[in-house]
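We begin with a single chain expressed as structure tokens, specifically the form predicted alone.
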Amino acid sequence: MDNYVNKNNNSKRKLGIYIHIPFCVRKCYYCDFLSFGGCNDKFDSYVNSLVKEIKTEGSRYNDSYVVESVFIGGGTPSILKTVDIARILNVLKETFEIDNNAEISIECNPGTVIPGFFDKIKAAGVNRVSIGLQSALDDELKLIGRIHTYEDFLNTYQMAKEAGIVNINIDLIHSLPEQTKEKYLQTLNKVIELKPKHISAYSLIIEEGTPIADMKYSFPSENEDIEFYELTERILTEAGYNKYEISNFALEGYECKHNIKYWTLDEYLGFGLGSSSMMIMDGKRTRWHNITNLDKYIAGDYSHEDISVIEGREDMAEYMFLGLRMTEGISVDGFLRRYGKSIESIYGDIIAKHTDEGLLKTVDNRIMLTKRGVELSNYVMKDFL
């Protein structure tokens, strides 16, 4: 990160930046993200438009912020040429003040990474890599439409390690079709043998309109899904990982700084097709997302859609909903400082209800989910919305 400077201007606000790359080799069967399979002929024009957006739109904010994190997500960002990834990072460096300790992450999928890839993106500034494994069993990967094998993943992981990238996350999905706890345990054990710094483990969500929703698979039941979650927590905790968010586990000091911004309502700015932003505008949290039409974006249309100001009870609800995802929960004093009202005056009855049910607890003036509360988090959190 030698080419990123920190001017130590403490008056500047802290910012996270998200860069969306909406391209994949092929969409997975469960994916409902804004992404497109193929489209190789659009890569160059998309990067050209993205660079232009960063320069023009970013100039509105650069004087007031220091960037603490950058996350290049998708889609499959590793489908791009390394010179394009370097170009994106360079224009960020030219446009914004980026802290020299900034976390610079990129998502990579096995099957898209070639030798030398990680050396080049590390030289461009990347210091954290998130690899989408999902399962260590090839039959499960095939069922959900992944383009890679477990061997492909191992090769990708080894290349990242050999390039000197220390901070590596591995993405997993449980409750897959035809999956048993015994099969999922194989994946968990294979992953912890590699000792990555961070592991994200999510439950498969079947979204309408995705190919997997129409497939005649046998999926784990809701109770079995809870058992998968309990197995994840037990195995990863025993292996030394700290669960700092409902689905995220890290070795000490390797929690994802960028994602924490989302859960704690910090400011973030999105660039690229459909990317979301949340910024403080005129003292109020304001959210929007970029245009979602690929051809219009490539042509230079950077218009914002679904612009909304989040304030009052809506702001409080998001504070509670997202804050409870974090293992450390919500600060009672922090709520009072933020809103000028006690948390009991707004949510006292709801907190009391779920505390009596054994789903919430208060420790050191912080309200958090219990172990059972995590398993029933959707039930708890809907009461705050």
Partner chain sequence: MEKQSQDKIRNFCIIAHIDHGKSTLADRIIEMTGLLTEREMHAQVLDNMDLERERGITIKSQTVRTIYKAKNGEEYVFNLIDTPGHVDFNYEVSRSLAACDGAILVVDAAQGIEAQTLANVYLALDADLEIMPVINKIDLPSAEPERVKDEIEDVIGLEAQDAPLISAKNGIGIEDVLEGIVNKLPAPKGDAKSPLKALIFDSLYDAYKGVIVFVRLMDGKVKRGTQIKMMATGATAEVVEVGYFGAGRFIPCDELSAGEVGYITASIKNVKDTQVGDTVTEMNNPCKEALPGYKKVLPMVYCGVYPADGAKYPDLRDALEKLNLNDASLQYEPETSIALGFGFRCGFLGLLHLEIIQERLEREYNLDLVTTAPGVIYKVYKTNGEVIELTNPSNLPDPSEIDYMEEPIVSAEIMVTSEFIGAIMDLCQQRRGRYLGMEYIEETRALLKYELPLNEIIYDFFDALKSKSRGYASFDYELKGYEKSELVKLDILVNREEVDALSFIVHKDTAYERGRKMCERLKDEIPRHLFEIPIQAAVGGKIIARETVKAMRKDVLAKCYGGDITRKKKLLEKQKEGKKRMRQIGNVEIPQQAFMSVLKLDEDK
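Residue numbers count along the first chain shown, from 1. This is a predicted model, so every value here is computed, not measured.
From this point on, the text means the form predicted together with the partner chain, which you will not see here.
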Exercise for the section: Consider E193 of the chain shown here, and say whether it contacts the partner chain in the predicted complex, taking contact as heavy atoms within 4.5 Å. Expected result: no
Problem - Partner contact for V51 in the predicted complex: the partner chain, 4.5 angstroms, heavy atom - result: no
Exercise for the section: Check whether I19 has any heavy atom within 4.5 Å of a heavy atom of the partner chain in the predicted complex, and answer yes or no. Expected result: no
Exercise for the section: May I ask you to check whether I226 falls inside a 4.5 Å heavy atom distance of the partner chain in the predicted complex? Expected result: yes
Exercise for the section: Report yes if all three of R325, E375 and M381 come within 4.5 Å of the partner chain in the predicted complex by some heavy atom, otherwise no. Expected result: yes
Fill in the blank from the handout: Answer key: of A213, I205, A299, V166, within 4.5 Å of the partner chain in the predicted complex (heavy atoms) is I205
Fill in the blank from the handout: The listed residue (F96, Y268, Y157, Y241) that reaches within 4.5 Å of the partner chain in the predicted complex by any heavy atom is Y268
Exercise for the section: Could you tell me which stretch in 184 to 192, 120 to 128, 149 to 157, 257 to 265 has residues with non-hydrogen atoms within 4.5 Å of the partner chain in the predicted complex? Expected result: 257 to 265
Handout entry: Heavy atom within 4.5 Å of the partner chain in the predicted complex - qualifying residues of 312 to 328
Key = E314, E318, F321, L322, R325
